[in-house]
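Coming up is one lone chain in structure tokens, specifically the form predicted on its own.
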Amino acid sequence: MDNMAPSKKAGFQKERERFGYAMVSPSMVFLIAVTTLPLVSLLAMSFFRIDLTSPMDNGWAGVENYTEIIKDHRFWHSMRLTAVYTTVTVVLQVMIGLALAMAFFRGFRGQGAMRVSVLLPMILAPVVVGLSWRTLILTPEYGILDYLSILMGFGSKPWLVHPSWALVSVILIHTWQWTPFAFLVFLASLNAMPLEPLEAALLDTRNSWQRFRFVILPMIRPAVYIVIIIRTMVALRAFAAIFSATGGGPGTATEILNLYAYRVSFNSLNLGYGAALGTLLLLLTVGISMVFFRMRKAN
């Protein structure tokens, strides 16, 4: 009996493991089908010439698509726009989100209703946000922002038809929609802080800025890194709001790398070159995320 007990226990353990694998396998198959296979297909397509406008020339291209990218001035233009768009939006979201979190952390009358209003933009679909800003906020003379600009004496601005103003507009749209995410993370981090350092800082003679810089900010630094990482990844692959607001225009004024890959693939019907652009965007996102994760671990 003593020899039988361990074998029965091992058999029962294996049966439990098989049952666990059987329960998890449908989800794993689904995840592989919707994530891994498309990525493998994207990588494979990037090594082929797949141009639907001249199918007779299609076939194996090797690294030709990637060497063509190096000489593509439009690609480098989209890279510069992507860098500006990502950097500015992430910085603004961190700064505004942290400022809002500090305001709500201190507390004020009516903060419940204000908290709901702050979170509303994040609930909306990016396509809805882009169309709303295009029709209700940025329309010349009749849009809310343009009307306020006229009232304050700055005059009507070509928000979506001038290259510089169009880039500013899409940055405002992205910042407005996703700052609530940073606000939520920072507010949760502030509420989770231990009270002892805060009470000690209040007893000290330092001013509010010194308390924030030397006490509060070091304690919420992990949350800051998480927000930067997540918002950078989302900004790099931004598409819907920009596409619905400007379509990447005027011309290529707001054509970040994600939009350029879309235009090449579905407007120019050059799927192979578009796949190479998409692969580079994927590698760029992974590389930047790894750098931020290493910085987070180092601190």
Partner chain sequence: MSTPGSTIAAGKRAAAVVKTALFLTTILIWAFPVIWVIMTSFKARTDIFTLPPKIFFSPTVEHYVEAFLRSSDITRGIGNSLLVAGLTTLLTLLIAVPAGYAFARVTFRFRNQMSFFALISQMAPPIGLIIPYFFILSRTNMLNTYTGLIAIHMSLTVPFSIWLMITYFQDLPTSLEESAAIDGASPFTTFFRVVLPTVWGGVGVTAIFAFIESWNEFLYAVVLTGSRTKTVPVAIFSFLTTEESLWGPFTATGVSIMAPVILVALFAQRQMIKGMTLGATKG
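Bear in mind that the values here come from a model prediction, so they are computed numbers and not experimental data. Positions refer to the first chain, counted from 1. Rigid core: the largest C-alpha set superposing within 1.5 Å between the two forms.
From this point on, the text means the form predicted together with its partner chain, which you will not see here.
_Looking at 157-165, 75-83, 209-217, 178-186, which stretch has residues with any non-hydrogen atom within 4.5 Å of its partner chain in the model of the complex?_
Stretch with heavy atoms near the partner: 178-186.
_So in the model of the complex, is its partner chain close enough to R115 to count as touching (4.5 Å, heavy atoms)?_
The answer is yes: R115 has a heavy atom within 4.5 Å of its partner chain.
*State yes or no: in the model of the complex, is some non-hydrogen atom of P26 no more than 4.5 angstroms from a non-hydrogen atom of its partner chain?*
Although its partner chain is absent here, P26 would touch it in the model of the complex, with heavy atoms inside 4.5 Å.
_I'd like to check something about I70: if you look in the model of the complex, is any of its heavy atoms closer than or equal to 4.5 Å to a heavy atom of its partner chain?_
So I70 does not count as contacting its partner chain.
*Quick one: is F47 in contact with its partner chain in the model of the complex, heavy atoms, 4.5 Å cut-off?*
Result no; F47 lies far from its partner chain in the model of the complex.
*asked:* Do any residues of 280-295 have a non-hydrogen atom within 4.5 angstroms of its partner chain in the model of the complex? If so, which ones, in sequence order?
replied: L281, L282, T285, S289, in sequence order.
*Take the rigid core as the frame of reference and indicate whether the C-alpha of L151 shifts by 2 Å or more between this form and the one not shown.*
Result for L151: no, shift under 2 Å.
*Residue shift check between this form and the one not shown, rigid core fit, G20 Cα at least 2 Å*: Yes, the C-alpha position differs by at least 2 Å between this form and the one not shown.
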